[in-house]
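A lone chain, given as structure tokens: the form predicted on its own.
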Amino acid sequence: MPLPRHDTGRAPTRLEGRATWLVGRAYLRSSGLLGAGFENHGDGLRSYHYRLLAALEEWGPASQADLGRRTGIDRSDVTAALVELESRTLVERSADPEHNRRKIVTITPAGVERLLELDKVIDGIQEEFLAPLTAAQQRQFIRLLTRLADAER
């Protein structure tokens, strides 16, 4: 005998109103929007590439290990992403004269230019993600998310 279908498109009642569940659903939506935005306009780059370029532009040259720690990207993923960025001449890697095995990464002028282009992609994604909220709600939402994100620090 087939099981009855209960697909209403809703979460089980006990999950409704639970912040962790809702944040997870919002994350899935934002992640999908980011993925689609980068797929359509990123020329093969992804949000972690953007994060690395943004970090280098703001903080200046850094070691690969420091970039991984400060951006929250795993060391092996940082290396692979930087190889890709370097192949596109968006970053340069050079040996650290003080530590033979360490690589120092610097954003190139082409990297800064690409970062500015990606800023526009990200801005569009942010608008789409926050579109269901009024401008005041958007500001409040960002403040509240910032507070939650910084609670661990």
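In case it trips you up, residue 1 is the first one in the sequence shown, and so on. Note that this is a predicted model, so its numbers are computed, not measured.
What comes next is about the form predicted together with another copy of the chain, which does not appear here.
- Comment: another copy of the chain is not present in this chain, but in the predicted complex one of 102, 41, 70, 88 has a heavy atom within 4.5 Å of it, namely 70.
- Not displayed here, another copy of the chain is approached by residue 34 to within 4.5 Å at the level of heavy atoms in the predicted complex.
- Interface membership of residue 115, defined by any non-hydrogen atom within 4.5 Å of another copy of the chain in the predicted complex, is confirmed.
- Remark: residue 123 counts among the residues lining another copy of the chain in the predicted complex, judged by a heavy atom distance of 4.5 Å or less.
- For the chain shown alone, residue 119 is a contact residue for another copy of the chain in the predicted complex, at least one non-hydrogen atom being within 4.5 angstroms.
- Although another copy of the chain is not shown here, in the predicted complex the stretch 26 to 42 places heavy atoms of 26, 27, 29, 30, 33, 34 within 4.5 Å of it, in sequence order.
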